[in-house]
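Here's a solo chain for you in structure tokens, the form predicted alone.
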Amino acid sequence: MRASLDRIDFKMLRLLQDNGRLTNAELAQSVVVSPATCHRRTQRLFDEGYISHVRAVVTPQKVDRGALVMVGVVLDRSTPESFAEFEKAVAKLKFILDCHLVAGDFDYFLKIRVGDMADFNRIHGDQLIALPGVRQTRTFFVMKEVVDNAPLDF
């Protein structure tokens, strides 16, 4: 895939990754191409899947989601069916920001944002342990976010 992009495409990706609100004119000026060329290139980056979507990054504390919690999940069975059932159920839970299948001591890691520990306690008791196939969870409350959603380095 990388071979189909040139230095201008990569510069556009880096600039848009840093500021998704750049206008087409601003982006074109930054990469030294015409606005029409810039628009075609940007559209191609979307069409070919290099850019999947653009969205605002909301400050969690401003919307009462200041507590970040990571949860390691162990399922009771390691079968494709149990993984699929768990993944289908977890995808419906709006409080889960990320869910990753991992190798090691856990089957999955979940990234969750809540208002406080009481919110998490309620969610854990009502919904997390009720997910299909969950044998065990281990919770990690994040004390400090050192790097979060850093831009890709390419």
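All values derive from a computational prediction rather than experimental measurement. In this text, residue numbers run from 1 along the sequence as written.
This next part talks about the form predicted in complex with a further copy of the same chain, which is not shown.
The closest non-hydrogen atom of residue 33 lies beyond 4.5 Å of a further copy of the same chain in the predicted bound form. The closest heavy atom approach of residue 98 to a further copy of the same chain in the predicted bound form falls within 4.5 Å. Contact between residue 116 and a further copy of the same chain in the predicted bound form is not found at the 4.5 Å heavy atom cutoff. The shortest heavy atom separation between residue 111 and a further copy of the same chain in the predicted bound form is within 4.5 Å. Of all the residues from 47 to 70, those having a non-hydrogen atom no more than 4.5 Å from a further copy of the same chain in the predicted bound form are 48, 49, 50, 51, 52, 53, 54, 55, 56, 57, 58, 59, 60, 62, 63, 65, 68, 70.
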